[in-house]
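Shown next as structure tokens: one chain only, the form predicted on its own.
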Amino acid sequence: MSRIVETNSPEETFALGEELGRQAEAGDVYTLIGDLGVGKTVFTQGVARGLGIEEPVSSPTFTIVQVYEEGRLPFYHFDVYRIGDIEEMDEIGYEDYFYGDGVSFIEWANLIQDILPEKRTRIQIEKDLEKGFDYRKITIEELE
């Protein structure tokens, strides 16, 4: 199943993430792909809010994973942009997160393609400056 949503402001991008967070279930894995500055963090902040997380959510670029436990489900926010080798994912015990009781959200997931679960939701965010500075095309695709 695939769905395309167009947003025209950071607030709309956040709201779409929030909707997704409200629908998320334990064990869900979401992969997020998009260029720098496309709104991945804004979208992720919306997901966190939809899970009931009130604390500020920022991209864990230097820690690889940030764990938030205050929502209705644990939220595991990965940013693998700076990962040098997939073995780094083994070192942090990624399987405990991906196959655990929380929701895993992985920015730059294309960099760790070989270890991603087959069953996941792929989210791609794209800009089109011809349609406006804040325009985003967000494709949400369930993979089995």
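Counting begins at 1, following the sequence as shown. For clarity, every value in this text was computed on a predicted model and none was experimentally measured.
FYI, the form predicted together with a small molecule isn't displayed, but the following is about it.
With the partner left out here, the small molecule still marks one of 39-47, 82-90, 22-30, 109-117 in the model of the complex; by a 4.5 Å heavy atom cut-off that stretch is 39-47.
Though the partner is left out of this view, T139 does not reach within 4.5 Å of the small molecule in the model of the complex, counting heavy atoms only. Using a 4.5 Å cutoff between non-hydrogen atoms, Q124 does not count as a contact of the small molecule in the model of the complex.
At the 4.5 Å threshold, heavy atoms of E54 stay clear of the small molecule in the model of the complex, well away from it.
Interface residue remark: D35 is counted as part of the site for the small molecule in the model of the complex, having a heavy atom within 4.5 Å.
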